[in-house]
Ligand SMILES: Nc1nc2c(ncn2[C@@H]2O[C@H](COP(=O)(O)OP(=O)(O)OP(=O)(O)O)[C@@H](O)[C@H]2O)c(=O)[nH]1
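Have a look below at one chain only, the form predicted alone, in C-alpha cells format.
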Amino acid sequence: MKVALIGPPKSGKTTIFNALTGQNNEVDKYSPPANEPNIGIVQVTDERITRLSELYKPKKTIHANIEFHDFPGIFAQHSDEPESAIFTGIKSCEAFALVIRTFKDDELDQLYGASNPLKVLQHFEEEMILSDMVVAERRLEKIELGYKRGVRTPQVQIEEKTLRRILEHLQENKCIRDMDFPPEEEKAIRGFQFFSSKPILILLNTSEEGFQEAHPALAEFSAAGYLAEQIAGSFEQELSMLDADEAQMFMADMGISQSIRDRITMLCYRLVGLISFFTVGEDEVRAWTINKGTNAVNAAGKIHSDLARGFIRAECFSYDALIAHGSEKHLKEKGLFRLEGKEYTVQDGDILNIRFNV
C-alpha cells in the first residue's frame, strides 16, 4: 500500500515522514520547498509474524510494508493542471494522510495564517473536488467527440453514465468517496484515481507541550466521520533517532504506548479496510495484505497469479487456533484444519496454503 503525506507548506509533513521512516530529510522552516517527494518504506509491526517465525523457524520472514510518499506542499494555490507529474504521483497512492499544523509559530502564522484545522480540511477537499471536476469534464468532452465519430461501445456508455453521475455529485461540493458504485461502474472509473475518492487520515501536528491536551478539532473530525490522530511531530522525530530503551523511557513520560510507526501503520490499515493473512513453512513465513472481504481465490492471486488461475482449494486454519494448540498436527486432530473454496471470505489472521493445478 502507498500512502501520500500531503498538506499545506511547512505543516510538518517531512518531520513526520522522518519519524516514520528513520530518514533525515531537511525540515528547517527556512529551507525551500522540495521539487519531488521523499519516499520511504515502513515495516508493519505484527507480533503474529514474530510468533509464527518462532514456531516454523523459516529461512526468511517477510513482514507487510507501507510505502509513504512525502509530497511538497500542494493546493497552496489553485492549479489548472491536475494531471501534472506531482499530482499524478499523489493520485497513484491509495490513501492520504493530511498533515495540519497546530503548533504555534509566529513566522509561519504570518506567512500562512494561524492554525485552523477545519478550514484547512475544507480547503483541501474543495481543491480536490475542483481538480476531479476538471478531469471528469475533460473526459466527457472526449467521449462526446468519440460519439460524433461513431465510437459508442457499451463500455464507453457505462463510463459516460458514471462520469455524469460523478460530476453531478462533485458539483454539489461532495467527495467521490461518499458514493457507491456497482462493479461495472467501479471498473469503468478505476483508472482515473480521483483525488476525492481517496480515504483521508488527518494528522494534527502539535508541539511536545500541546500534545498533553487533545486539540478540540479531534472531536469535530471524529463526529464528521474522519479518522484523526494528534502527533507531536518534532518529538517523534527525535524519538526515532534514539535506541529502543531510551525511546521507551521518553514515550512513557509522554504517555505514548506505541511508536509512531506502529500507531500510523495501524491507522492506515483501519483507514483503507485492510487485513493480513499468512503463509508459513520452513522456507518462508510471510504476511500478505488484502482488503477486508477478499475471497480465497483473489487472496491466492495476491501470492501469485498462477495460484488464482489454477485454484482448487485453500487449506486454512487460524493464527489464534495455532497458538492455542501449538501445532498443525494438533489442529488436524481437533478438526480445526479446513478446506475452503473460491468464495470463502478470508479472515484477518488466517493461515492459507493454496492447492492449485495449472
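Rigid core: the largest C-alpha set superposing within 1.5 Å between the two forms. Numbers for residues come from their place in the sequence shown, where the first is 1. Since this is a predicted model, take the numbers as computed values, not measurements.
Keep in mind the form predicted in complex with the ligand is missing from the figure; the text below concerns it.
Residue-level contacts in the predicted complex: of S197, S234, S259, S115, one residue has a heavy atom within 4.5 Å of the ligand, and it is S234. For the candidate set G89, G146, G73, G210, a heavy atom within 4.5 Å of the ligand in the predicted complex is found for exactly one residue, namely G73. At a distance threshold of 4.5 angstroms between non-hydrogen atoms, P9 is in contact with the ligand in the predicted complex. The shortest heavy atom separation between T21 and the ligand in the predicted complex exceeds 4.5 Å. Proximity of C175 to the ligand in the predicted complex: non-hydrogen atoms within 4.5 Å are absent; the residue sits far from the partner. Although the partner is absent from this view, L108 contacts the ligand in the predicted complex, with a non-hydrogen atom inside 4.5 angstroms. Heavy atoms within 4.5 Å of the ligand in the predicted complex are found in one stretch of 177-185, 250-258, 119-127, 202-210, which is 202-210. In the predicted complex, the ligand lies beyond 4.5 angstroms of every heavy atom of every residue of 150-189. S31: CA moves 2 Å or more between this form and the one not shown after rigid-core fitting.
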